[in-house]
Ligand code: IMP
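Only one chain comes next, encoded as C-alpha cells, the form predicted alone.
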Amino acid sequence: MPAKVVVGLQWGDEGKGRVIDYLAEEADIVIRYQGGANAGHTVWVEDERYIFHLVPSGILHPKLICLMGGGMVVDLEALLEEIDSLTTKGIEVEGRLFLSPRAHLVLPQHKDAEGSWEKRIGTTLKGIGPAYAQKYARLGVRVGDILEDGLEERLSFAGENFQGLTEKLRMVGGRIKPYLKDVEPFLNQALKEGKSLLFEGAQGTLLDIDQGTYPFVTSSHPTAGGACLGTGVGPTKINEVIGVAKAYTTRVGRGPFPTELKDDLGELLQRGGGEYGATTGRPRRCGWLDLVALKYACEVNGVDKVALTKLDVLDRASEIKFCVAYLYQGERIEGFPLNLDHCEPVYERLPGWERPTKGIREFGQLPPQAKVYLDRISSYIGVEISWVFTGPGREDVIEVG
C-alpha cells in the first residue's frame, strides 16, 4: 500500500473516517490534506465513539504517524482541544501528530464573517470559507507565521485587530510548536523509503469548489487531486484512489438534491442511519442513491475501488430505487450537468431484501437482493465495490472478492 487516497463520492458524510480507520491497519502514515474543523469523521471502537474534526482518523492506531497538510485551514484552539480530548481518553498524540507550517490559520474574523454566508449557501460557521478566501487573496496567515517576526504585519494585512491577538497566537504557538513539521519533504522521503501512505480527504466530491454543485460547495478540493495540492506529493506518486459512498444519498445544508425523499421513508433513512451532522448536529437530508452523480464522482477522481457504507440502513425497504438519469425540461440527461436545479430523477427499481444485514461480514451471507443491488451499482459506475460496511463497528465490513 505505497500511496492511496480516500475520497468521498457524494456530498460528504459518506463514512470516510471509518474507512480510513479500517485501511490504516496496513499504513505507516495517514495524511489529512484539505478542509478544516468543518469535517466530522466518526469512528467507533467497541463502545467508544470518536469524532475527528482536524486530527486524521488514523490516530487511533498507536504505531501510525498522522500528518495535517498545508492544504488545510486550522483553528489552533480547536486543534488543541481535540488533542487534549484524545489525550484524556488515553490516546497518545505527541510525537505522532504533526502539522505543516504551510497550513493557514482560521482567525476570529473568519468565523464572524461566515454568518452572512450561512444564510445564502449553508455552512458550518467554522470560518472555513473566509479563511480560504483570504488565503487565495494572498492575505492569509499561515501556522508557521506565528513563530516568525512580522506577525503583526501579517495580521494587519488580514484585516485583523492584532492588538492582543498577537500575544494570544504567540502563546498558542508555544503549545503547537512540538507538533510542527515540514510535511512535504517528510512525505516524499517516506515514499523513497517504501513507507505506506494513506491520504484522508474531508467533505465529498460534490462539494469540491471546482467539480461540485457550485455555489453550494466547500472552499477546498476534497477530490483526489487535492491530495497532491495539499501535501506536496506529486500525482505520479499516487498508486490508488478509493472512493467512499453510502448505499443511499445524504446532503447537509442548502443546494439541489434530485433524489431527496421528503416523506416517511426519508425520515426512516434519517433515523436508521443516524443522519445528523457530527460537526453541527444538523439533520441530513436523505434520498435514494444517485448513480449519475456517483459515476461522475468516480470519473473525476479516477477511482479504482469503492467502499460502500450503511447498506444495513436499507434493510427495511420493500423496494429499492436508484437514479440512472435525469429529466430536464422533458429531455433525458445521462451525464452530470452544470446545474442540478430542476433536474428530476429517472429511477430504476429493485425489490428490497427486508432482512437484517447489520453485522454481516461474509459476502455469501448477504441476501440475494442485496447482491443484485451491489452488482447494479458496480455495473453502472464501472468500478468494483471492494468493501461493504454493514454496521458502525470496526469489524462490520465485508471484503468483496
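The numbering used is simple: start at 1 and walk along the sequence shown. Every value quoted in this text rests on a predicted model; they were computed, and no experiment measured them.
What follows is about the form predicted together with the ligand, which we do not show.
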Give a yes or no on whether every one of G12, T218 and V252 sits within 4.5 angstroms of the ligand in the predicted complex by heavy atom. yes
Partner-facing stretch of 127 to 135, 182 to 190, 145 to 153, 327 to 335, counted where any non-hydrogen atom is within 4.5 angstroms of the ligand in the predicted complex: 127 to 135
Given that the ligand is left out here, which of P367, G70, G40, G352 has a heavy atom within 4.5 Å of it in the predicted complex? G40
Just to be sure I understand the contacts: of D304, E114, E82, E260, which is the one whose heavy atoms reach within 4.5 angstroms of the ligand in the predicted complex? E114
Please run the contact check for R282 against the ligand in the predicted complex: heavy atoms, 4.5 angstroms, yes or no? yes
Given that the ligand is not shown alongside this chain, does T223 nevertheless sit within 4.5 Å of it in the predicted complex, heavy atom to heavy atom? no
Using 4.5 Å between non-hydrogen atoms, is L207 touching the ligand in the predicted complex? yes
Would you classify S100 as touching the ligand in the predicted complex, given a 4.5 Å non-hydrogen atom cut-off? no
